[in-house]
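Given next, in structure tokens, is a single chain: the form predicted alone.
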Amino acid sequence: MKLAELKEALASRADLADWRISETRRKGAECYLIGDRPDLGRSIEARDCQVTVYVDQGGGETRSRGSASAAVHPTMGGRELAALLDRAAFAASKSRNPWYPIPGPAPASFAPPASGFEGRAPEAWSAELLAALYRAEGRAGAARVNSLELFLTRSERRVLNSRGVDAAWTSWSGTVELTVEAEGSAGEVELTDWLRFSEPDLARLEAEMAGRLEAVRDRAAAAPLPALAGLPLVLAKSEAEAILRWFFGNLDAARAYSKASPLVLGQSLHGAEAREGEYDRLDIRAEPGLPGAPASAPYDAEGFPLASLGCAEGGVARAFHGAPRYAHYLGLPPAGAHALFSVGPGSIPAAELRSAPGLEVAYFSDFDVDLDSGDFGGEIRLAYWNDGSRRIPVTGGSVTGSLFENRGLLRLSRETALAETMRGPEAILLPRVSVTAAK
């Protein structure tokens, strides 16, 4: 099924008020290794196509709009497509939301630079990427790679709609899923983690793998977490990102419209009880792109052009990001649905945050931050307890806390780093947490 045929089929239907087509063409390479021995390698090529239809009912103040989406298979014929659109239109007619417009054509505000991967097929990069990832293993002593999976994909995306949008862009996405292991006094231990990237930054990949190998060595030597009360919690990498994403997620127009967000434009993110000098004020921006982040894009999934947007300045909420539909409901200028965000630096060096007595958790079995309640927590795989004179690897136990109790006391490092979807403080400190000792 060609796009021109799909467009013609959609335009011919009088029961549809609007429609959107989303197409992604992917070419990629996959490598699977046991230890450092290749187990499987293959190339992939795929096309995904999805259509979204909109059905309007009523008029005036009671006018409503429903939508439904369906996957279009490349081999579909005319009758199959007509039946699929019949089902989608029927489903959309059963959904009656307040009416909203879909985006019209607009030039891109952000032009992502071409990836360093561009110019060569994904499989042509496999040897270099694997060499960088395994280079640190020779310096890791007893730590080693147990298994590794490498995925590198080039995606060509295109979004078209009935209002004239025709947006296209290309992106690269790399993912490494890995398990590292080391022998300890209690036997062999493992840590499982992942890396995501969009550039052939071989030095970064080597450094990231070296960090994982060092961590599993520490995990093998870790003592059970003792009973600790009153110590602050330091988080970095994806866990710091998860904490700060709570603020970014609650600056979404959809959550504001549904009254699920506790954040209000013009008011402090840190709560009325926050006192000057006891916290670092958050500066948060919704970003269309971040160097090295695979989710960088000039448009959102609806074909709305994305630009950098100041959502919070000096700790005060200034703007909502999110799907244009909800901005329309709120009477606000549409900003688009951003996948990426940035958080400005704080006031304290990361080394200072880590040198004070406290607990820094490097790996959780699972770490969760509830977007509604602000509760967070997880079971500890590896942490570092600073007792005032030593930095001691520990394992076991758990950490729990509430962002409503910590948002007026949050401290951020001066240094920033790239996480998966955020460029923000390398480390953050939450002073009010509950730590449960290992059993």
Partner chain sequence: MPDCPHSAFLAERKALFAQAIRILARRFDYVSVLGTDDAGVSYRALRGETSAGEPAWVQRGFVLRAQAGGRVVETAFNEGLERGPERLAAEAGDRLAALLAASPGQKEYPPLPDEPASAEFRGVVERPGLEADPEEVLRRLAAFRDALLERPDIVAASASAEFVRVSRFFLSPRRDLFQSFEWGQAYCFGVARRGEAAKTSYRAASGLAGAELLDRIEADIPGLAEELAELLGAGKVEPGEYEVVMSPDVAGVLAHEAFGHGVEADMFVKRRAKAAEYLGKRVASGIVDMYDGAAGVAQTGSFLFDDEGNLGTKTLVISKGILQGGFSDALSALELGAAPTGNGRRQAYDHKAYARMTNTYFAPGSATKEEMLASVKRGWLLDRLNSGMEDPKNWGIQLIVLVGREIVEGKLTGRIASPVFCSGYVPEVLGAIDMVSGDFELTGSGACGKGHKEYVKVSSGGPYVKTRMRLG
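Residue numbers count along the first chain shown, from 1. What you see is a predicted model; the values in this text were computed from it and never measured.
What comes next is about the form predicted in complex with the partner chain, which does not appear here.
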query: The partner chain: the contacting residue among G116, P98, G141, P357 in the predicted bound form [heavy atom, 4.5 Å]; finding: P98
query: Answer option from T153, S261, S342, S162, heavy atom within 4.5 Å of the partner chain in the predicted bound form; finding: S261
query: Partner contact for G378 in the predicted bound form: the partner chain, 4.5 angstroms, heavy atom; finding: yes
query: Interface membership of D201, the partner chain in the predicted bound form, 4.5 Å heavy atom rule; finding: no
query: The partner chain contact at Y257 in the predicted bound form, heavy atom, 4.5 Å; finding: yes
query: Partner contact for E30 in the predicted bound form: the partner chain, 4.5 angstroms, heavy atom; finding: yes
query: Contact at A111, E208 and R391 by the partner chain in the predicted bound form, all three, heavy atom at most 4.5 Å; finding: no
query: Residue stretch of 187-195, 103-111, 334-342, 165-173 approaching the partner chain in the predicted bound form, non-hydrogen atom distance within 4.5 Å; finding: 187-195
query: Contact set, 350-376 vs the partner chain in the predicted bound form - heavy atom within 4.5 angstroms; finding: S365, D366, D368, D370, D372, S373, D375, F376
